[in-house]
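Next up: just one chain, as structure tokens, the form predicted alone.
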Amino acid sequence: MIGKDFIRVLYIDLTNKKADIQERKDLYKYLGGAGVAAKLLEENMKKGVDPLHESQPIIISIGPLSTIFPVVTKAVATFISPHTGEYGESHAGGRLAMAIRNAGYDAIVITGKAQKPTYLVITDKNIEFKDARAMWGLDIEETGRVIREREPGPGKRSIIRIGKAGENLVTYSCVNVDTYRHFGRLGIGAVFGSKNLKAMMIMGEEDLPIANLKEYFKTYQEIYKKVTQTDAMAKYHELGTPMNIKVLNSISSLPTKNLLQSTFEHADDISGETFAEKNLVRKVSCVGCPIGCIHIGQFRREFDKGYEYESISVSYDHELIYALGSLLGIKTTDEVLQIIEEVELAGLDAITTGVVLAWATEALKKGLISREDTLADLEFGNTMEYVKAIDNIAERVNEFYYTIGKGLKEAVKKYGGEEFALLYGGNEMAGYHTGYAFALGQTVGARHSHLDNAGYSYDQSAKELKDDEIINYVINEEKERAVLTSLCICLFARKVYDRPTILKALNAVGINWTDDDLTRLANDVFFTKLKIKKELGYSLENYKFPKRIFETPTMWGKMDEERLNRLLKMYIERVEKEYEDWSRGK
């Protein structure tokens, strides 16, 4: 809580419709965001209990700088992932961080299960448990519309909700945040669904007391200029992350057709440049960000005979174009947007959905599964068949879709095809086939995300791949990112918020930390997450990488399996040693 030495936590018990507020001084040393959310998860999780059991918690946390400094826009959610069975963490922008702050909280802990479908209304004055039975079965868009019509506060409120995928406990369902942002990847949507929690509306009117306004404004202006008047973030506003499509394709690093290829013959047709020229209609920002990195594209489709058309607006970025574009062999921007829209409405994670469908396409061709299983003629480039399959995943219409609704890890146990299942550490592959640092980084990252340590960035910038440097980079980058995410700084602003800038911003609001304090925080958050994972049974001993990643060239040529296994062993030995030292308080 800004100006205070405690973290203000709202505890919500859905089973008994009760709420409690605690001011936790012991959490202050974790600042907020990922640090506080990880500690609250450690306190509240139930070891040995199913991730979707009602006793398991959902945590959402913001940081002391949230929305009062430029690009400090994220809220962090933690949970036990029903997808991996491990530590679950996801970040989302939109208006959520502002709304939580204005409601007067630093963190929210939700436990229990509502007796019937429910949506929560959280304000600075009250906590309400409202009937959501009429919304159960509605898609993301309709649910948002109904809550907007029922609840006041346009422009100030944040509305987060799940779709059918979350209701049906698909382990890679997400939570939609204010239409264009998401808590994605590791299945927090299913955790909401398991609690009969359809949505939350959060809003508040609390003032934000800042003691030294002169110093605050001075620091704010310095950071604002770095954000808007340097090249540090320019690319995110211009083409945005879709600029990566052409770049990765040119260096043989764009996963295509279930990674049968690392270049795509239609890459130019679905590039960021083509999206901008044909589909881009506007750019929007999260609250507290002047960049406008959220690119909204529009496509037109016929909804009835007699020349009846509608225009659909959908947000797009690199990961979506990769997973629902090149990986499925989709050749046009309009078709990519059409598939993205289906994923959005169902409330599915885009990356995992695309990777699962790419595997299913190849498995169908190889005869591991049949047309009776898929109920669709899955074929690379066939947009309408993928649209059918996405609905089937969300609805879990038969045994096959029930199984792949648990992700590739479960699918290959039943149907085979492990050798071409694009999995790293139990999570589906992100959109970079750049080399060893990416492969290792996503495998060992705390949440098995490419964003944990950005190994793809090392692969692309290194002049020579050196094993020791890869290990150092992956570990050190993840620790530094633990500082950024504990402050809820958008990772796009990582070049703006170096350590001196972070300390200046903290000091400007009365948090007089030092560089040593940040180093202590980085280690505490990094190893707290590892401690949680270990308590949940996490281990990379005897881990096997999928064969496909060694068959298809990266920008460095084909990877050598023995070398990647050696890197994994080096990483484990180094981190285990550091973990023992940290556990002993060294």
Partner chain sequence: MPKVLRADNMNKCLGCFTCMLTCAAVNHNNHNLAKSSIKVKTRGGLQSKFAATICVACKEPACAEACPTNALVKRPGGGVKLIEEKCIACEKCVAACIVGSIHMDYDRKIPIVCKHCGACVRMCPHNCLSMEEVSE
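Everything quoted here is computed from the prediction, not taken from an experiment. Residue numbers count along the first chain shown, from 1.
This next part talks about the form predicted together with the partner chain, which is not shown.
Choose from 404 to 412, 186 to 194, 203 to 211, 492 to 500 the stretch whose residues reach within 4.5 Å of the partner chain in the model of the complex, heavy atoms counted.
Going through the listed ranges, the match is 203 to 211.
For residue 528, is any heavy atom within 4.5 Å of the partner chain in the model of the complex, or not?
No - in the model of the complex, heavy atoms of residue 528 and the partner chain never come within 4.5 Å of each other.
Tell me, yes or no, whether residue 98 is in contact with the partner chain in the model of the complex, where a contact means a heavy atom of each within 4.5 Å.
Result yes; residue 98 sits at the interface with the partner chain in the model of the complex.
Decide whether residue 178 counts as a contact residue for the partner chain in the model of the complex under a heavy atom distance cut-off of 4.5 Å.
The answer is yes: residue 178 has a heavy atom within 4.5 Å of the partner chain.
Though only this chain appears here, would residue 237 touch the partner chain in the model of the complex if you measure heavy atom gaps against 4.5 Å?
Yes.
If the cut-off is 4.5 angstroms on heavy atoms, which of these, 252, 313, 507, 241, is the one near the partner chain in the model of the complex?
Checked against the cut-off, the match is 313.
Exactly one residue in 257, 331, 156, 396 has a non-hydrogen atom within 4.5 Å of the partner chain in the model of the complex; which is it?
Spelling it out, the residue with a heavy atom inside the cut-off is 156.
Within 272 to 287, which residues come within 4.5 Å of the partner chain in the model of the complex, counting heavy atoms only?
The stretch 272 to 287, when checked against the partner chain in the model of the complex, contributes 282, 283, 284, 285, 286, 287 at the 4.5 Å heavy-atom cut-off.
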